[in-house]
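Just so you know, structure 1 and structure 2 below are the same protein chain in two forms, each on its own as structure tokens.
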Structure 1
């Protein structure tokens, strides 16, 4: 039960004092009791003694205060105002421009740079080096360092599971960078780890997947 606000209590008290003063009723509450329930009972019992219609209050009023419900106690009010703008034109125009820019970039890049098409596939002729697509080159790079069970299964497996469950592992409710130093550092190290491996695998690995320098031996990389 929520507490009755002070000003309402005062008002009820004043009203009660007024009614008990004017008509000389014997059963009017003395001393201004606080409980609203008592007041209701007295009002009902007092009614027939007066000239008003049946069931009216001491002042002839037909409504009474049963209880005070504070906002937020029953209904969760989330009406904090949010600054909103119309999707059209504010969002759609930006999206349209972004799509246009993206398409023209792809278009002009494709006009000037051709996709590779090497010799027809030949199972009997292994190119040296043989490389996976660039996004798997980090994995291929790891495989040169560790046992396949570790490099090919354990490390990427743990990484992937950690990535999927990140929201359930990270219980920190804040999204402010200053509150999430650990999470941000961990992710950055993780991303840099893979980026460096991919870069080494792409540009610094030559024949036999041995280490080379691209500015000395040239590139062994096709997209």
Structure 2
């Protein structure tokens, strides 16, 4: 323990002597002033002594708290995970591999499947059936079911507007399929609707663009 300095002991003894020799105040309660002074003197004598100026330690050191306490115990530095990656190499590398895969598939497909040019068009002889390219066969299939205004403008327009507003309706930033049920459902319905129309127009439409069965009447479709 730290010893009490000599000057504080002398000050406490002098305070006790003065309180014992001084007469009690006539207006104050008996023994009240003496008791207060004795408590003050005892508190001074019992207080731990300082060996230096105010703010110093027992040995006179003046270290600050931040220099004594380790920074790791008061600074909680943790790297929070961020759902972002750099464009290079993460994104561009994946896109480059996908482009190579598509190019390879197209190359080998063109080797094994012939796609000859047809003869020059004859304005006096219209081919039967007359079909649009496969990516427009869905629209041609709609024209057999609805009025041209509905099949060519209304239905495709509603589909495009729904796809345009889909990111503003579903604002979920997650890229997990289980968290994007609305967006995935909307895109699945759109693709399946158009794919079914293209398949019907390609394989189930014969002369006069009438419905036919390919395994019975043959295939009226060319790549």
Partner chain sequence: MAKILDETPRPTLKDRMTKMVDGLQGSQAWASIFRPGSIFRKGYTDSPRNRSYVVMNSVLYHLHPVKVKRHAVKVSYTLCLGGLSFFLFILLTVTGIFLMFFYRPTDVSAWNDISNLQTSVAFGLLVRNMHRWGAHLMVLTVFLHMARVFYHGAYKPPREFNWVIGVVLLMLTLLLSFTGYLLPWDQLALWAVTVGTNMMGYSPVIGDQVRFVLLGGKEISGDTLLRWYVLHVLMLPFVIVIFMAVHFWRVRKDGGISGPL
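Positions refer to the first chain, counted from 1. Because the structure is predicted, anything quoted here is derived from the model rather than measured. Definition used throughout: the rigid core is the maximal C-alpha set that superposes within 1.5 Å between two forms.
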message: Just verifying the output here: the form predicted on its own should be either structure 1 or structure 2. Which one is it?
response: 2
- request: Would you tell me if residue 172 moves between the two structures by 2 Å or more at its C-alpha, with the rigid core held superposed?
  value: yes
message: Tell me whether residue 184 is among the residues that move between the two structures (Cα shift of 2 angstroms or more, core superposed).
response: no
Residue 123 C-alpha relocation of at least 2 Å between the two structures, rigid core basis: no
- request: Taking the rigid core as fixed, quantify in angstrom how much the C-alpha of residue 111 shifts between the two structures.
  value: 4.1
- prompt: Superposing on the core, what C-alpha displacement does residue 9 show between the two structures, in angstrom?
  reply: 33.9
